[in-house]
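Single chain ahead, by itself, as structure tokens, in the form predicted on its own.
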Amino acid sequence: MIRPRILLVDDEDRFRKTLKKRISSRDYEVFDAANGIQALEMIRDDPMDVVVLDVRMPGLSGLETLTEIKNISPETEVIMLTGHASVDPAIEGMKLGAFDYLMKPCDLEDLMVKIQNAFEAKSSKKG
């Protein structure tokens, strides 16, 4: 069985590390990055199946990172996370090619469903 490769990108260390631990316990291969630049370097070296990407980060924003991810690895599905009670950036992300979005704090089960749906969508593109 193929273990989906998930990349978590968020500048909030505690949130990212906790989420990584919880998703890893469900038989996913999980990586994490603290910012968009680090995430893009990781994806260039080793493409991911699904990226869970915070919208608001210092430096390269989530929307800028999303655009670059789609340039580097168009097959990678991206789920946007927004924590500022505004869906506008998430909707903008959907227009730029994001698979879906969630508001922070998000329910783990909701996130897992979206990750699995994104992985299946990516897998179906391969044919």
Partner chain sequence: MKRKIKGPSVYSTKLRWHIIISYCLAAIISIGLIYGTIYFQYKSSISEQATARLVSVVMEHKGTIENFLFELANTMRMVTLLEDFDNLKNQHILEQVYSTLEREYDVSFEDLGVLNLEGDHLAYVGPFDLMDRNYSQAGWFQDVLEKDLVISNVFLGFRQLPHFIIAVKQTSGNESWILRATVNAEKFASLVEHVRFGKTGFAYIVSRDGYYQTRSRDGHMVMDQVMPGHLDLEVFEGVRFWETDQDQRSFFRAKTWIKDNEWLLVVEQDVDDIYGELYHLRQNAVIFFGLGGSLLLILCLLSMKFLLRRVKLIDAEKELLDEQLIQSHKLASIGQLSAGIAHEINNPLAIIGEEAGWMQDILKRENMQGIPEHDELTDSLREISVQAGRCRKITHKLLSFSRKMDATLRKVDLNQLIDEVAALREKEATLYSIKFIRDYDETLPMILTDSSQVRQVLFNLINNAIDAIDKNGEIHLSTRKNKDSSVAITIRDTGTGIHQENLTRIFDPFFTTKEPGKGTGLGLSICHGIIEKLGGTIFVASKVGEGTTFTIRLPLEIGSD
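The structure displayed is predicted, hence computed values, not measured ones. Residue numbers count along the first chain shown, from 1.
The same protein also has a form predicted together with its partner chain, omitted here; what follows describes it.
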query: All of R3, R5 and S73 within 4.5 Å of its partner chain in the predicted bound form, heavy atom check; finding: no
query: Its partner chain contact in the predicted bound form: G83, any heavy atom under 4.5 Å; finding: yes
query: Exercise: Y101 in contact with its partner chain in the predicted bound form, heavy atom 4.5 Å; finding: yes
query: Its partner chain contact in the predicted bound form: I91, any heavy atom under 4.5 Å; finding: yes
query: Non-hydrogen atom contact R26 with its partner chain in the predicted bound form at 4.5 angstroms; finding: yes
query: Interface residues of 2-23 toward its partner chain, as seen in the predicted bound form [heavy atoms, 4.5 Å]; finding: E12, R14, F15, T18, L19, K21, R22
